[in-house]
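The chain below stands alone, shown as structure tokens; this is the form predicted on its own.
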């Protein structure tokens, strides 16, 4: 869908750049890119989650608007590239594991406006800096994710965890990932990356499982997992509140 949006808006001066956040590199992006016949937008892989630190990305999909003068005119916020509101309405396969059924049901309860981003970015393409969706510098700062001491320390632990994992020290990485989760519990990119790396299921569901294998719960190295954490916080709290809608 990002490719479709890019092809629609690039003639009007809007370029879409997608970033796959995955410690393990291009393998994490291949399933999404393989679904597109020809990729014309810029698609990169961020193995060290640098974009998280630079722009305050705490979940996916999120987007940041940057104008032609390299100014941020909308900070990180939920961004759905499609033009439909519904999600999770597709018929699930009969042989889907119970956990995946429960995850799909929880995902379907996430309360976000899936039409907002498409409406806003098309308005920006048409009106440029005059768009009602373009925010002032003060509004961008006020709407950005705050980074205090805990969040900064969590970022350091997450970076150490990634480095150790990439060097093959899996056990050493887990402690740093756990500390990142403790210090910055609202950062789902930290959680989802660690959970995905720890999943022990095979096949196409592996990257989505993000939790313990049934019967092996005692071997799961983290206090939480995607299903239990979203159940605890409530699907409506999965994404940050929208960044100051236009007046």
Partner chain sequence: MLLSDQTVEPGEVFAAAGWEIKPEGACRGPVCVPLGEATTVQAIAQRLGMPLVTSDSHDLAALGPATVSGRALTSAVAPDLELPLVVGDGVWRLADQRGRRTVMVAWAPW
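Numbering follows the first chain given and starts at 1. No experiment lies behind these values; they were computed from the predicted model shown.
If you look for the form predicted in complex with its partner chain, you will not find it shown, but the lines that follow are about it.
**Student:** In the predicted complex, does every one of 109, 181 and 201 come within 4.5 Å of its partner chain, counting any heavy atom?
**Tutor:** Contact check failed for every one of 109, 181 and 201.
**Student:** In the predicted complex, does residue 228 have a heavy atom within 4.5 Å of its partner chain?
**Tutor:** Result no; residue 228 lies far from its partner chain in the predicted complex.
**Student:** Does its partner chain come within 4.5 Å of any heavy atom of residue 237 in the predicted complex?
**Tutor:** Heavy-atom contact with its partner chain at 4.5 Å: absent for residue 237.
**Student:** In the predicted complex, is there a heavy atom of its partner chain that lies within 4.5 Å of any heavy atom of residue 223, even though the partner is absent here?
**Tutor:** Judged by the heavy-atom cut-off of 4.5 Å, residue 223 is well away from its partner chain in the predicted complex.
**Student:** Using a 4.5 angstroms cut-off on non-hydrogen atoms, would residue 142 count as touching its partner chain in the predicted complex?
**Tutor:** Judged by the heavy-atom cut-off of 4.5 Å, residue 142 is in contact with its partner chain in the predicted complex.
**Student:** Under the 4.5 Å heavy atom criterion, name the residues of 108-127 that approach its partner chain in the predicted complex, in sequence order.
**Tutor:** The stretch 108-127, when checked against its partner chain in the predicted complex, contributes 117, 121, 124, 125 at the 4.5 Å heavy-atom cut-off.
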